[in-house]
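So this first bit is one chain, no partners, the form predicted on its own, shown in structure tokens.
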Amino acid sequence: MNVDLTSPNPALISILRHPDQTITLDANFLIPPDRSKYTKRGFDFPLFQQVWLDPIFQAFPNLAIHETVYDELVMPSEQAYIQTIINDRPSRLIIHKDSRLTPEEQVIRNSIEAKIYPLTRYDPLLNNKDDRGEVKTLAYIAVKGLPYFAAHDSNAIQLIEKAEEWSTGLDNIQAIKMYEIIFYLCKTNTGNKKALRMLYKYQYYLTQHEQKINPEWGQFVKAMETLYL
């Protein structure tokens, strides 16, 4: 996945100023990445929790997921962790539910979903799991006017960044990438910098191709600091 350092992301600027805004997460922000075909070293759930999950839930008080994303958490460790976060009082994770939409919002949601799903692997007739979380999430937050969607999925991000070209109806949504949140955690001293460096390398600087197109950690941090002074 490409690291884009050509210009600052307005969404990250806004989050840096007001981290209490609602940020809706894709499932890949909650599930340990698996790149075992490239390296033996990886992130089991305890390590992923320590390096990533605990810091983001500490940094952002209003994280959210759509109910279909919750269904994508299949490992008992993932389910137990998220359920604990939900059960905290006050709850530390907002669950978007389609049943809370008004009839008028439901009509708009359906029209947006109809624009999005042909660009994904999701088929409403089959209600298959492929890309279902992304489609349901994006349609919901577009209707509700919730602007921030955080993901580590190039296809989902393209639905947002090419909204006008592809007529997805997601013009009011802004994407936040995982590397931007990694930088946020470093900048705010919320996470362990050495561990976050390890996560960045695992996600963006692991293969020969990635090492050609993406900056190494030191260059990445320096460029991000220049963009977000």
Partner chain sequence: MRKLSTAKLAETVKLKREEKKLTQEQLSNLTGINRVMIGRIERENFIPSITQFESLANTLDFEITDMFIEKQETNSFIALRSEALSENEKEGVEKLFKMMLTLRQQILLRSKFKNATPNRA
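Since the structure is predicted, the reported quantities are computational estimates derived from the model, not experimental observations. Positions refer to the first chain, counted from 1.
We do not show the form predicted in complex with its partner chain, though everything after this point is about it.
Listed stretches are 168-176, 64-72, 193-201, 23-31; the contact stretch with its partner chain in the predicted bound form is 168-176, by a heavy atom cutoff of 4.5 Å.
Residue contact check for residue 108: one or more of its heavy atoms lie within 4.5 Å of its partner chain in the predicted bound form.
Taking non-hydrogen atoms only, residue 98 never approaches its partner chain to within 4.5 angstroms in the predicted bound form. Its partner chain is not shown here, and in the predicted bound form it never comes within 4.5 Å of any heavy atom of residue 150.
Its partner chain is not shown here, but in the predicted bound form it comes within 4.5 Å of a heavy atom of residue 131. Judged against its partner chain in the predicted bound form with a 4.5 angstroms heavy atom cut-off, the residues 50, 76 and 93 are out of contact without exception.
Scanning 95-123 for heavy atoms within 4.5 Å of its partner chain in the predicted bound form gives 103, 104, 105, 107, 108, 110, 111, 112, 114, 115, 117, 118, 119, 120, 121, 122, 123 in sequence order.
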